[in-house]
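Heads up, the chain below is alone and in the form predicted on its own; it's given as structure tokens.
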């Protein structure tokens, strides 16, 4: 059994945990399946080791993740700001999961950065700001932070099995962050999935809870996106969708309702690049990018959209109008010759 993270690093982590009485786990803004699954899975493992901790998220997470056992105890900074600040200020160890830059947490990230508290990063994204953290566990080839958490647990326990509760949370994180195993997958990941299945999880049930419990409004919004808002640019093997705040309001948008929409255009024959633009109440445009094959959307996100991520799944944001964001995207497509149709 090959360990992904070195034994000496695992030992450092164990020492940090042993020396800590108040532990906080925090993840990124707009928590997705991997953010929630990895955070709750890690908290559950700590609990099983006799270590108490609290999970904080900057804002609300999707309803279709609330079946995950332990998610009911998550503290949301958006609605409990004072409580979150006190938890962080009184922490002697902070785990940062599924992001690699404290700026992704907005104002609460500034607070964490100002604290002398020891911070441990568990992540899988490109471009880690190592100076922000006491200890880092980040491997870009990993599919998800949930997979990283599993590898850390395996490094600590020297076993491939975890409790069913942990396995369900981590499986949900892996499944959602790989787009139902459509990208960022390798043989090591499927061995991990097999290990989690051996822990007694019901894979079909988890899939149904995540992807089979959408609201009517969400389904109608998806139909609207496909019928009215999807633009196809065959000359660049590209398609994109954009949504305004008014359109979101029309369909009574809830957090997580647009999860996975960026993947829809990739089901069209010969489409290799998909983009999704959403207007936010915070004044920026959220940009999601997906690609197939060898085309890297990570480099595009870094160069033009103040973001990053992975080769085939990335994102960023622009403080501009929705029309301007789409215009920028369309203007850069000629630079990427590999997307152009050969005449």
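Just so it is clear, the structure is predicted and the values come from calculations on it, not from any experiment. Residue numbers count along the first chain shown, from 1.
Omitted from view is the form predicted in complex with a small molecule, to which the following refers.
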Is residue 313 near the small molecule? Define near as a heavy atom within 4.5 Å, in the predicted bound form. yes
is_contact(residue 288, the small molecule) in the predicted bound form, heavy atom dist at most 4.5 Å: yes
Considering only heavy atoms, tell me if residue 58 and the small molecule come within 4.5 Å of each other in the predicted bound form. no
Look up in the predicted bound form whether residue 309 has a non-hydrogen atom within 4.5 angstroms of the small molecule, and give yes or no. yes
Only one of 154, 125, 119, 218 has a non-hydrogen atom within 4.5 angstroms of the small molecule in the predicted bound form; which is it? 125
Select from the listed residues 229, 237, 183, 104 the one whose heavy atoms reach within 4.5 Å of the small molecule in the predicted bound form. 104
Partner contact check in the predicted bound form: of 280 to 288, 35 to 43, 49 to 57, 62 to 70, the stretch with a heavy atom within 4.5 Å of the small molecule is 280 to 288
